[in-house]
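Okay, so here's just one chain, in structure tokens, the form predicted alone.
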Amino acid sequence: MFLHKLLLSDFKNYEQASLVFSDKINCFTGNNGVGKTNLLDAIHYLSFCKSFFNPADTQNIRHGQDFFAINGSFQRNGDSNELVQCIQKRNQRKRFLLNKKEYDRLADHIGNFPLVMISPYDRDLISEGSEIRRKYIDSVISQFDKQYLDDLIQYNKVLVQRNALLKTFAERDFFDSAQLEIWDEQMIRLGKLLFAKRTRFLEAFIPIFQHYYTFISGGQEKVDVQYNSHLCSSEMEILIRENRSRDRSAQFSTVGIHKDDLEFTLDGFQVKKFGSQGQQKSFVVAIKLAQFDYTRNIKGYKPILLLDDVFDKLDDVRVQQLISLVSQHNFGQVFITDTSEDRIRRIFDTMDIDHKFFSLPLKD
């Protein structure tokens, strides 16, 4: 699978842009602030129906304009071109179309054009709270399991309703266990399904991640990922029952898969506290490369890979090692941003692979 052509209208800093890509390596080079990352974000929209960086869609409309439009022409497994369109007007809902047919639900598009993005913001996986790590697991699994995504959406709706009921009980100073049990039953059923799929995913994913970290680091350290969930030590039914009084006092659901987390370790120590900047960077790059590998194996074709400014804090040897890796047959179309065009050109001068350079800002 690869993106053949990208058309932008009033998206972020681009009034109009039209780009035709190589089906292997594409490099966007230029100074900071010229729009390299914005091009990657437009490609991300075409896969996930949303920005990688800014969840407020209307804020991605170019200043002073009324809408943005992103159009992408894809090829999958040698088939004819497939047109993906995203249109966002101010004060209107976002429209998403495949071959000019609009989706009823954006969720129905997720996974059709799989993509993996590696960005400096990935460090949030290590430094920020558990919600970031849960969202990451969910986004990966949802690309190949639509039922998981549907169950997750439903679980979150049930959670909102249950929490609202607990708050109402507290405000009105009464309690009706029968009302709460309606939501408990749904929460238990969906929670068990989601926990089982997260567990199976991580069992397969972690060895792939460890393989890629070994490659990037030269095998100097041992890394691991620990899945922490209330359901690792107890059944969902028991958790809900035993924590009912606690939930009433807190006025929200204190246990369940919405509290799951991942613990990242390096040689037995938490990466967040004891990993250097270079080790943390290698850690998240290895996670994303493992995501690519896992998704490719499930989907049966290669996702698009976006590398946004990933070479910062990596020496030239590791930069060349990483580019050499993603240039191999196991990887498909790759998009790279970097401020140093000379560095990237020197590396590709030594490699026999199709590639294309785009110097930014783009010329009319």
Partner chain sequence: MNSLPSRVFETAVNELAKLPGIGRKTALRMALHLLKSRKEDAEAFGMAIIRMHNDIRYCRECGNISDDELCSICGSPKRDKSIVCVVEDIRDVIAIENTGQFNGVYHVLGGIISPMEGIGPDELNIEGLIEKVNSGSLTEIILALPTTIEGDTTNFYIYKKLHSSAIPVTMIARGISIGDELEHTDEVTLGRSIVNRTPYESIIQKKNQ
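Positions refer to the first chain, counted from 1. The structure presented is a predicted model; accordingly, all values stated were derived computationally and were not measured.
Missing here is the form predicted in complex with the partner chain; even so, the following discussion is about that form.
Residues 146, 157 and 178 are all found to lie within 4.5 Å of the partner chain in the predicted complex, as judged by heavy atom distances. Residues placing heavy atoms within 4.5 Å of the partner chain in the predicted complex fall in a single listed stretch, namely 162-170, out of 285-293, 90-98, 230-238, 162-170. Among residues of the shown chain, residue 195 is not one whose heavy atoms approach the partner chain to within 4.5 Å in the predicted complex. In the predicted complex, the partner chain sits within 4.5 Å of a heavy atom belonging to residue 182. Among residues of the shown chain, residue 86 is not one whose heavy atoms approach the partner chain to within 4.5 Å in the predicted complex. The partner chain in the predicted complex is approached by residue 150, whose closest heavy atom lies within 4.5 angstroms of it. A heavy atom within 4.5 Å of the partner chain in the predicted complex is found for exactly one of 112, 119, 186, 280: 186.
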